[in-house]
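Heads up, the chain below is alone and in the form predicted on its own; it's given as structure tokens.
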């Protein structure tokens, strides 16, 4: 039986007592004056008055407890063929050396450091080195466009930038230093130093007096003690930028104390991971998943984490993930639904799965965008383990809703990330702020205060924080997601509120239509957008990618899909157009760029999304819709 109801009720009865108990998993140098102070910040702050250090909690304390030889980090790069393992003692030594280098370049408590690196161990080391000396890191994807990087430099005002010389994709090298040089030239704020980790594939040119070789500097500093600097629990650990609707990025602030308390609680309660077990979040440290569940949460509890420089397919094939599970005896895999859709597209029968020993794998976790039931069922059928969809955001840092494996799983309802986690009082409101009945689509909101680890504000932008998240529904945090809650309290996330389309006065969820399209046996993945319609206001348009090996003519499948949506949702959907494409435009984390697709379909001017994986796909989408919409 699941203990979920009991645990959730305990939180609801005594929220401060609940998080005080959870905080016992963390070492504190000074305890708090108040578990929660409602008077501090836009809605309050957790563990006010306490001091602690994230690097100590992730590294040193495990070494001090006699676990220094336990593996902390596994690095695997199918792109370069390199592999490495770092024990807790070894990772602590590397992080300390890098912290010494940062200190030598004037970085201290409260200073910002931008980390501009690919998926290599040095990215993790740089983040933890900042935490060690009380600095605030802001990770920006390696290879991010110079213009976007410049806006982040001007907003965060870093004293130092830590970069790699290049990133390596399956079919290309991306030199980082020219992009970084261009960004610094374009920014008003200038960092005092740039520390470059030179990879063998590219030796970047260093600007004398400003740029320094990171590996050489770390070698010189190796062995020098650098104590962990206590910081306030309410001090930022990091800033993570997320795209803003105005084009100005929003700097999500993650505090130090609440962040650790919530993540440590989640590793056992949600993911059911014990110290020493191998947990793999197949993401990137540039995303919130990488921050929370590659870098911090596994190390906080003394587990082993994985840094993977590869793809779910193409490095070398759709069996890449299964090779990793077998080789490293991974207990739980956490990835995005889009990764599984890519695997399913290339290996629809799961033939490659059968070639590997997956006996260590207990659970698959999905998050990042909506996990359509067809993909979840495929994974359940092929892997024979529980598949747990859960829902959270950059802003929250950990799951708003999940099926808590560590508390005993609840019955699965396909299409639902299950139930709210302790700390989150989730409600569904209409546009006027009134509660809606069970099963009715509405705005998903969370009653304030938000739990530990959620953003307390935006970097240097309290007013923007209130305007963006708290103003529309007073007393609540606006998730900007739309969905419904059923009579059992299960949450269903249907789409972003921007993706709710209005067809002749009917508010319809694109997610519901995507669910129907994905159920077709020939469809690997899909996206539905609302396009301008002179008569109805908006009309839905579906884009589908077919599975490998499908021989049925595309036109025939498209007709079947139109009929399927009309049969399942009804004529009210006015679904008349399905367009087959070879691929969908996505961010690097796998989120489909539906907003950009809609702008293309409507003939609007659009700004190239900063996080797009391959800009050429947008031309393919434009070619695909040309003529088809007019004909429809």
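Residue numbers count along the first chain shown, from 1. Owing to the predicted nature of the structure, the values given are computational and were not obtained by experimental measurement. Between two forms, the rigid core is the largest collection of C-alphas that superpose within 1.5 Å.
The same protein also exists as the form predicted in complex with a small molecule; that form is not shown, yet it is the one meant from here on.
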message: At 4.5 Å between heavy atoms, is residue 394 in contact with the small molecule in the predicted complex?
response: yes
- Find out whether any non-hydrogen atom of residue 369 is located within 4.5 angstroms of the small molecule in the predicted complex, and reply yes or no. yes
Q: Would you check, heavy atoms only and a 4.5 Å threshold, whether residue 360 touches the small molecule in the predicted complex?
A: no
Within a 4.5 Å heavy atom cut-off, is residue 493 in contact with the small molecule in the predicted complex?
yes
Residue within 4.5 Å of the small molecule in the predicted complex by heavy atom, from 133, 153, 561, 288, is 288
Among 207, 80, 315, 242, just one has a heavy atom within 4.5 Å of the small molecule in the predicted complex, namely 242
Exactly one listed stretch (426-434, 548-556, 383-391, 464-472) reaches within 4.5 angstroms of the small molecule in the predicted complex by non-hydrogen atoms, and it is 383-391
Residue 443: with the rigid core matched between this form and the one not shown, does its Cα shift 2 Å or more? no
Has the Cα of residue 538 moved 2 Å or more between this form and the one not shown, judged after a core fit?
-> yes
Output row for the residue 538-residue 416 CA distance, |change| of 3 angstroms or more in the predicted complex, reads closer
